[in-house]
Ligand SMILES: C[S@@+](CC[C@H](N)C(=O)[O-])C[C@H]1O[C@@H](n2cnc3c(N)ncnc32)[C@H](O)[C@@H]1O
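Presented as structure tokens, the chain that follows is alone, the form predicted on its own.
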């Protein structure tokens, strides 16, 4: 596991309460994760998410993943937990605007200790967001606590790839992204196994390296003005952001950063 000890929840809240969060949504859409709709559908199918089931999205952001699940998979109800009030407020507004407020609920809390009842949900969901969580041990333990026996834990996340980051690369990457740490697929599997889960699927989706050129094209060739407006027309900052995105692209191309997909079953 690569770590950045100086990055904490307050740093993540700052990102998603300010212009950086709006910039990511500009480039990636409301589903702020690699692969968007196709990635969500792939994860849902691999996890066997059933119509009429009830789930929880840990680090739900504005709830785009939950709205996807209730609309396209006929999930009966989703609860989203996030620690950034601005994202939850926007999420409630969007759920209401789409007529889904009765099927989607939001809870402001730490995803490592949600305070919600144990063992009542069919599945836990996460999409490219657990990389922001500082205590992965508590996160996985909480995910397992929330689901029923044989319930599913299904998530994608930004992970360290098989080529591995150098210490210098990790410091730069984690610092820019505001990730407190970064796990490998194997490290996630170990945490799940330690909590009594059986890992059913674990793989590199192969989407990361292909997605970065798309985001760079959007910011450099189509949405330059829109991006500059978000950051106060600071062209120097824009150049830095593009440079860091190109650095991330190089890491992905080298197999040092991946989008990992994991589906596990609670054996307890």
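Numbering follows the first chain given and starts at 1. Only a predicted model underlies this, so the values are computations on that prediction, with no experimental measurement involved.
Although not depicted, the form predicted in complex with the named molecule is the subject of the following passage.
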Q) Want to guess which of 212-220, 235-243, 196-204, 60-68 is within 4.5 Å of the named molecule in the model of the complex, heavy atoms only? A) 60-68
Q | Whether 185, 259 and 265 all lie within 4.5 angstroms of the named molecule in the model of the complex by heavy atom | A | no
Q) Heavy atoms within 4.5 Å of the named molecule in the model of the complex: does residue 111 have any? A) yes
Q) So, in the model of the complex, is residue 129 in contact with the named molecule at a 4.5 angstroms heavy atom limit? A) yes
Q. Do residue 248 and the named molecule share at least one heavy atom pair within 4.5 Å in the model of the complex?
A. no
Q | Any non-hydrogen atom of residue 254 within 4.5 angstroms of the named molecule in the model of the complex | A | no
(Q) Please identify the residue among 192, 170, 87, 146 with any heavy atom within 4.5 Å of the named molecule in the model of the complex. (A) 87
Q) Of the options 174, 133, 154, 121, which one has a non-hydrogen atom that comes within 4.5 Å of the named molecule in the model of the complex? A) 133
Q. Who in 30-50 is close to the named molecule in the model of the complex, meaning a heavy atom within 4.5 Å?
A. 30, 31, 32, 33
